[in-house]
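The data below hold one chain only, encoded as structure tokens and taken in the form predicted alone.
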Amino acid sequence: MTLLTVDNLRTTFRTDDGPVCAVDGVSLTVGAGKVLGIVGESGSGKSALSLSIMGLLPESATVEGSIRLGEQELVGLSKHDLRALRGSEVAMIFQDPMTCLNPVLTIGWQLVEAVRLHQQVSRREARKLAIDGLAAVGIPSPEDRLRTYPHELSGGMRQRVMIAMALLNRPRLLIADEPTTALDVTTQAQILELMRDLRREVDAAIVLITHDLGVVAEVCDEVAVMYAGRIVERAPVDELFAQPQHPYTWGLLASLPGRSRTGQRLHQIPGAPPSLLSPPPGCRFAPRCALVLDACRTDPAPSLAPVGAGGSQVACLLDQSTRDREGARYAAGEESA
């Protein structure tokens, strides 16, 4: 069953220099119990997409298109109705916990209120749930931590508090924006296991935004690759790593640590992403692509089109044989050899 459906979403911000379309015609679906990974460079539109789904955009933003949670349309929903959904049906783990926790309230107060806002339980019961939530994310002496303030915790501990808060009400849709940032490897494994528990217990859909392709390979069912506000490739996770189809995806895979021989520099994609104030015509990756065609620079940007029978899609004008050949080379690490 499809839980989240995003259809032709455009999120535009008004700036002093002109409009910036941070999410440009994005469409995707996430089924119940599935994990969709979204990867791409900083500024590719990943976080703008997540905030659009959550309805947490500033007044300077406008949203066009459709975002549906089950059968409920979220675009145009009132602030009151969005607040009722956030934290219960939909939850988000934010990238920067220090800006999301209230600095003048204790951790315990914030966790207890997050429970009582959405569940009909006593304060004592909510406190017990808060303690259990902190213990589940690996925070030692969780009962004592309820009395601490955010500034008394390390960045990693604050991140774990945010994860505990997001999971307290067992949401049907969890959006995780770099959830393992600032966490050690052991804690990272605990958090990923908690996300697996959530999908098993309540059949939750998870959107995982990350730069860590290792995490994507471990927990995701599908991957969407974003570049300059658009999805350029979407595929089942095994297919993306075994047979990537888009030149940008090839560059991401070739940049993974461990692909280069000892003593050699890591592979890097030449150039920089385009300014979204005035993006180039045609394919937005064309200025950085080693296999660019004349049509890539002038023709309308290609839309996602099916590749094979496995459910993969790619937005690229290169012919299939070239994409298969080059994708296999990059997947094998030959470009870094």
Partner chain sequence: MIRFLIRRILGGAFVVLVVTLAVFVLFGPVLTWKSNITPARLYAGKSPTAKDIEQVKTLLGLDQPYYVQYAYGLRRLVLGPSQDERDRVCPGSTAEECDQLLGRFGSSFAKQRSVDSLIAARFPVTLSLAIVSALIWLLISIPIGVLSAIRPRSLGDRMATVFVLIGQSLPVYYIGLLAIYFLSYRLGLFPLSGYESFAITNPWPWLSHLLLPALVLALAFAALYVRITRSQMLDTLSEDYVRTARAKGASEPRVVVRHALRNAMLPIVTMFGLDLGLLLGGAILIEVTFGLQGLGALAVEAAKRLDVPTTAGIVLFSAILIVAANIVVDLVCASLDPRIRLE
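As the structure is a prediction and not an experimental result, all values here were calculated from the model. Numbering follows the first chain given and starts at 1. The term rigid core refers to the maximal set of C-alpha atoms that superpose within 1.5 Å between the two forms.
Beyond what is shown, the protein has a form predicted together with the partner chain; the following relates to that form.
Chemist: Pick from L117, V75, V121, L192: which residue has any heavy atom within 4.5 angstroms of the partner chain in the predicted bound form?
Modeler: Filtering the options by heavy-atom distance leaves L117.
Chemist: Select from the listed residues S154, T99, S141, T186 the one whose heavy atoms reach within 4.5 Å of the partner chain in the predicted bound form.
Modeler: Flagged contact: T99.
Chemist: Might L56 be said to contact the partner chain in the predicted bound form, defining contact as any heavy atom within 4.5 Å?
Modeler: Close contact exists here: in the predicted bound form, L56 approaches the partner chain to within 4.5 Å, heavy atoms only.
Chemist: So in the predicted bound form, does any heavy atom of M165 sit within 4.5 Å of the partner chain?
Modeler: Yes, M165 sits close enough to the partner chain in the predicted bound form that at least one of its heavy atoms falls within 4.5 Å.
Chemist: How about Y149: is it within 4.5 Å of the partner chain in the predicted bound form, going by heavy atoms?
Modeler: Contact with the partner chain, yes.
Chemist: In the predicted bound form, does F94 have a heavy atom within 4.5 Å of the partner chain?
Modeler: Residue-level check for F94: yes, a contact with the partner chain.
Chemist: Among 83-91, 127-135, 201-209, 214-222, which stretch has residues with heavy atoms no more than 4.5 Å from the partner chain in the predicted bound form?
Modeler: Only one stretch passes the 4.5 Å heavy-atom test: 83-91.
Chemist: Who in 130-147 is close to the partner chain in the predicted bound form, meaning a heavy atom within 4.5 Å?
Modeler: None of them.
Chemist: Has the Cα of V161 moved 2 Å or more between the shown form and the other one, judged after a core fit?
Modeler: Yes; that C-alpha moves by at least 2 Å between the shown form and the other one.
Chemist: After superposing the rigid core, is the C-alpha displacement of Y149 2 Å or more between the shown form and the other one?
Modeler: Yes, the C-alpha moves 2 Å or more.
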